[in-house]
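Take a look at this one chain, the form predicted on its own, written out in structure tokens.
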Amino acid sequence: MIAQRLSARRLHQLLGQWRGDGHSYHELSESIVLLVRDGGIPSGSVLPAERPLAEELRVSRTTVAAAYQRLRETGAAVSRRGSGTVIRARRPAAESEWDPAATGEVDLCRAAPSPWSGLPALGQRALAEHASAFQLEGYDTIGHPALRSAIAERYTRRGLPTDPTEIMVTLGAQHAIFLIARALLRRGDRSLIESPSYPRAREALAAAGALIGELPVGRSGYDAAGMLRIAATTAPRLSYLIPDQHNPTGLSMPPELRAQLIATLTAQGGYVIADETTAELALGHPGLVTPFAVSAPHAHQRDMILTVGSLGKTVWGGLRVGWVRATPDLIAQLESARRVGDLGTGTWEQVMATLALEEYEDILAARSSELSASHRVLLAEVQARFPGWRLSQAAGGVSVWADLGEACSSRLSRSAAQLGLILPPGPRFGSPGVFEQYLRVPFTLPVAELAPAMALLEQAWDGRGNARPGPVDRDSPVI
């Protein structure tokens, strides 16, 4: 595997507003560690040489050398002859890490609800009713017929008539997004993504060599005129949208914008990924959410939309089952592309997923109750502790988008990490250097854990300009 070499300019962009009032080398090393933890810098990446980075950051070479030395001392990086300073691969998890409380940290990089409480009973039912699954090959690249039928039936109930031949089961939504990007994009193709948005989707488009433009989604709503103008002038090959319960804002796209945007994005043969990973996580009383593709004015435009779903947020992140809904021809193309990279989705996971979909209404009702309670507590905590912050008016999803009132998100994240609260800075959700004034604040923690987490965040807010060095031991990708 060829190591990724970071240029000094690229690292500077990723670091954002990293400097505070403390020791610069501490702040630089901790900022790099945070980028590694939330996936901004992959393990194995080669950091820039000391001199060009010092010139780019406008600090002394001694500062960069000391920061790199600290990365090596804490185990976050290693020196390799002929390569330089290389970000270290993640250490194997200790046995204690099976215990979620063992690390003593509150990890808000993973904005996902707690595992659904019915999972143990579901596993027992799966074993009692489908033990014969262990006699099968164990994996496949298209999906088990029973699961594909269950997914198709739910789309039909939600207003989008779907045949099982229009479904492919994947290893979660992230796998589906990367697969679609790899299959449909070529180097130099134009693509669009909402900004802010899910960071891994941006990485999928970039990994395929696409030129990425942005569609603005503000804290207070969608810039419809701006989005339509950008869509018309870009003529993208592939666009990525989270139209319902958007990550990170929790907003949903207005009905009047959907049809116009679909027509504009597909006018010159462009495809659209509609990510529904959080679409059915509604606050208040859950109901059937109409799929984005239903808004297409014409059938041929609907055929250009690939809808991605997953059980990762609604049931459990450990149930690695997602899917793509698309035309049979596109499904065949995706399956062909998939065979290069993996052997398929496990049979046992598909058994569990099929049974979970039988109880999906109850699962979603439980999730809505949990998230609604946590959302109320979060709003109260923010109002009490951070009266100057302005939050997006989330209708669902897993988080709110907070306008901090000042460009300090990276420093705040670093300060929080010293207190054991891990959360990604705003720039991770857009172009490098943008959104320093914003922070994604999840409301996925149980109610009893939210107030202590917000108390830590308040301490970090008070000390954001003077973050101190702290321990480093593991990665936390943003989801």
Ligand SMILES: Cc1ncc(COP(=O)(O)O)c(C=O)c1O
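Predicted model only: the values in this text are computed from it and were never measured. Numbers follow the displayed sequence, beginning with 1.
The form predicted in complex with the named molecule exists for this protein as well; it is not shown, and the discussion that follows is about that form.
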From Ala173, Ala210, Ile305, Met168: within 4.5 Å of the named molecule in the model of the complex by heavy atoms is Ala173
Among Ser191, Thr85, Ser392, Thr277, just one has a heavy atom within 4.5 Å of the named molecule in the model of the complex, namely Thr277
Using 4.5 Å between non-hydrogen atoms, is Ile479 touching the named molecule in the model of the complex? yes
Whether His375 contacts the named molecule in the model of the complex should be assessed with a 4.5 Å heavy atom distance threshold; does it? no
Classify Tyr240 as contacting or not contacting the named molecule in the model of the complex by the rule of any non-hydrogen atom within 4.5 angstroms, answering yes or no. yes
The named molecule contact in the model of the complex: Arg202, any heavy atom under 4.5 Å: no
Please pick out the stretch from 180-188, 306-314, 259-267, 220-228 that is in contact with the named molecule in the model of the complex, where contact means heavy atoms within 4.5 Å. 306-314
